[in-house]
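Before any questions on how it binds or moves, here is one chain, the form predicted alone, in structure tokens.
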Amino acid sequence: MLGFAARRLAQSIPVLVGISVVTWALMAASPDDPARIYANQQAVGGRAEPAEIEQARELLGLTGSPVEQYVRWARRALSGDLGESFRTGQPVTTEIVDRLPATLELAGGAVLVTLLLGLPLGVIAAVWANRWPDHVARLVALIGGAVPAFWLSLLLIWLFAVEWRWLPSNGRGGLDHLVLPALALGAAAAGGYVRLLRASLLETLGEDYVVAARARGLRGSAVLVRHALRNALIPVVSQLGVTVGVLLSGSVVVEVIFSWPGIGRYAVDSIARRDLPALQGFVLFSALVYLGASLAVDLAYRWLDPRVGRRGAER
């Protein structure tokens, strides 16, 4: 397992280098001069003198050739220094780390809702295929997949916060603040898991080894849990890695609607204020999250199906 993980990490290095180039290019390709933006935001009256702009250019490392600028930025980024926010003057790394617990909390709640809704409905749809439980489960999945997260968020706020006054509609606090945003994100994603698990489980239930297990007299529940479900979960694990990556890199719309102080809202605020270092930090963080989620999915594959690692070694 360790060798498999090491190979996957080595394969991620070129991807990370490419992403870092694109991330740095965000500032280089900006139609606005980052040095001018920074100097104007620091100057009294919001209008910097030419000398102050040149000073800012030196401070931000925007002198020399593009290659030299990138190397300086990449060296700082490797040490964890993503620069300072134009808006607050605080280190971008610190601001992202400060908002990470809120995003982790929301992502964890949303994943829990997704799995609690999607997996049982997917199993029900497969076990009772083409019967009324299957039709109901697929209808719920269709509705969940068709409803945008922002619309569901507004509906939940109107119903649970405005009409019934059961739950708060904004901010981060106790568990009651987490329920609505996690439900909005999780329910919107659950529909895809229902359809995916149903299709995968139906295919697995038709395999020879499952038929042989039934022929040996094993109960239906034992065949489902011990033989079919583990292999049927492999595509679900893949999809879960993508979902976790999306949630951890910032569920922008839901965080804005619920005033959730996570990384997604941080990105929106940075766009509004043209805070280029903060945007660079957000993009780089998102890329690292996706790479980490991809590695976790590969390791889960290796656990669910040991042949995955052997096939990679043979290639």
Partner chain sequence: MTVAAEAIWLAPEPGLRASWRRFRRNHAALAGLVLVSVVLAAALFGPSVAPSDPLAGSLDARHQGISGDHWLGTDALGRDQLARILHGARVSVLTAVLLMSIILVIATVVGVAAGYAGGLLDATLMRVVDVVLAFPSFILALAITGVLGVGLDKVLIALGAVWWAGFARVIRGQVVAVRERGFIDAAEASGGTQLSIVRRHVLPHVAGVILVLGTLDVGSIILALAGLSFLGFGQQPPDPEWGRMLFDAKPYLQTQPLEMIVPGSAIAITVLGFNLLGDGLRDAFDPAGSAR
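Residue numbers count along the first chain shown, from 1. Computed from a prediction, not measured in an experiment: that's the story for all the values here.
The form predicted together with its partner chain exists for this protein as well; it is not shown, and the discussion that follows is about that form.
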Taking 4.5 angstroms as the cut-off for heavy atoms, does Ser30 touch its partner chain in the predicted complex? yes
Would His177 sit within 4.5 Å of its partner chain in the predicted complex, counting heavy atoms only? no
Report yes if any heavy atom of Trp166 sits within 4.5 Å of a heavy atom of its partner chain in the predicted complex; otherwise report no. no
Any non-hydrogen atom of Asn40 within 4.5 angstroms of its partner chain in the predicted complex: no
Complete contact of Val127, Tyr193 and Ala296 with its partner chain in the predicted complex (any heavy atom, 4.5 Å): no
Tell me which of 105-113, 148-156, 177-185, 92-100 has residues with heavy atoms within 4.5 angstroms of its partner chain in the predicted complex? 148-156
Just one of Leu119, Ala77, Val71, Leu142 has a heavy atom within 4.5 Å of its partner chain in the predicted complex. Which one? Leu142
Need the contact residues for 272-300: heavy atom within 4.5 Å of its partner chain in the predicted complex, sequence order, or none if there are none. Arg274, Leu276, Leu279, Phe282, Val283, Ser286, Ala287, Tyr290
